[in-house]
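In structure tokens, the next block holds one chain alone, the form predicted on its own.
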């Protein structure tokens, strides 16, 4: 009986250690302290940089704003449909993310075109169809060029530019940027690297288990 009890204690302790060994992802971007009074007491909270309001159009012609991402985890990247270099590799790897989460509703993918003049809604729809993307898990977004470049570099921390000296006429970094339910940047992954994309999928699952704070309820 004592041996059985001892074995149960070991199992319980192992389970507790395993449960408490929960991975927490870092929060990137600028932050500042905010002091406020709650129930008569002064409390200081850390306020993190978040993705600002935006408005784009997806491959179905639907208007998409930050409100469509309320309470959602999402991955953002930047591409253009005529890209002859890294985009095809990125989108093949992003398909792994899409296939991992297309059955649920709390994970989205946003691919912003950096060539909105050419990448019209019909072009984006044709591109999505060719990849086998359907439904509303993965949106290919078109918007004003200035808005796209601003949100890429200032908020998603991805460099993009037009460059007539390179094939395709545009240069951009191939990062997949992970955004949590509070619209904070939680990770950045090389979209051309399968190992990093696998890590992205694992980190999305980690975010799915994070408790919802008061600001996201």
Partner chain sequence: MKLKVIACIGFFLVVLIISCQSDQEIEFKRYYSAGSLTYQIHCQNCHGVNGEGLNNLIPPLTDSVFLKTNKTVVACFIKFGLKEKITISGKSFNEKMPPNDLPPIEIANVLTYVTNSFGNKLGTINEQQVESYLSKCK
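Fair warning: this is a prediction, and the values are worked out from it, not measured in the lab. Numbering follows the first chain given and starts at 1.
Note that the form predicted in complex with the partner chain isn't included here; everything after this is about it.
Stretch in contact in the model of the complex with the partner chain, which is absent here, among 68 to 76, 143 to 151, 84 to 92, 109 to 117 (heavy atoms within 4.5 Å)
Going by heavy atoms within 4.5 Å, the stretch is 84 to 92.
message = Residue-level question: is residue 131 within 4.5 Å of the partner chain in the model of the complex, judged on heavy atoms?
response = Residue 131: contacts the partner chain in the model of the complex.
Inset, instruction - May I ask you to check whether residue 127 falls inside a 4.5 Å heavy atom distance of the partner chain in the model of the complex? - result: Residue-level check for residue 127: yes, a contact with the partner chain.
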